[in-house]
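First, one chain by itself: the form predicted alone, in structure tokens.
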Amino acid sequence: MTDPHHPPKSALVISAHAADFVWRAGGAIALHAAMGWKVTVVCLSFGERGESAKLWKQPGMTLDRVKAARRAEAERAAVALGVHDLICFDLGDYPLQMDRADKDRLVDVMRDVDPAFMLSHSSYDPYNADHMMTTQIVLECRSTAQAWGHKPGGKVLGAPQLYLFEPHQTEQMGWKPDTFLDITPVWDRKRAAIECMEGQEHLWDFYTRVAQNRANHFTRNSGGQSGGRACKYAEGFQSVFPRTVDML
């Protein structure tokens, strides 16, 4: 039973396409969900045009059928990870486009969720303009959500950290992780969510290897080989804003 004096903490993940939240932040989602957090995931699109090649190779495939398949995959993955709420904007992809009303809708979500932190894409991604634009819009909407003059009288967003999850071609993105999260306890949930993404089966083992590589970095940075904490699977993140601490 929820304590009304200590409501569950919340987090918000903004994903350009239906599968992005799984590959890049599935462990963080599952780990926090297991701790009782309410994790909301926003999928701005289903990745139906640009990230569904396997489906498009099937004879007679249509846009609506691809979208339906990718939506179903995202819904199954969300259940596997323990997502509290999956919100699909269905804005289309390649290119992903957002007008003022779409942005205001995202602002409303930010205020409603009131997250302790948010997760989204790397700031730079020359391979995928949808990813790059998503993060710029997230930053824009974060600022708007903090503005007292936007829908006066409503709840104003605080200052949640924005973590940028790992892009696909990491070395090309200028992405530099400063935070590593041990996701070993929930790896089975992330792998199950990964396998829900049947439209991109070629990435299943790739992102398993990424998690194993980041586990090595977690161990090294938690004290080195002589005293580091053992870790089998991890995710890396880059924080955008300074963090306020009482001790190091």
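Residues carry their position along the shown sequence, with the first being 1. Just so it is clear, the model here is predicted, and its values are computed rather than measured.
The form predicted in complex with a further copy of the same chain is left out here; the points below concern that form.
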Please tell me whether any heavy atom belonging to H217 falls inside 4.5 Å of a heavy atom of a further copy of the same chain, as the geometry stands in the predicted bound form. yes
Exercise: V186 in contact with a further copy of the same chain in the predicted bound form, heavy atom 4.5 Å: no
I'd like to know if K38 sits close to a further copy of the same chain in the predicted bound form, meaning any non-hydrogen atom pair within 4.5 angstroms. no
Looking in the predicted bound form, any heavy atom of W23 within 4.5 Å of a further copy of the same chain? no
Would you give me the residues of 22-38 that have any heavy atom within 4.5 Å of a further copy of the same chain in the predicted bound form, in order from first to last? A28, L31, H32, M35, W37
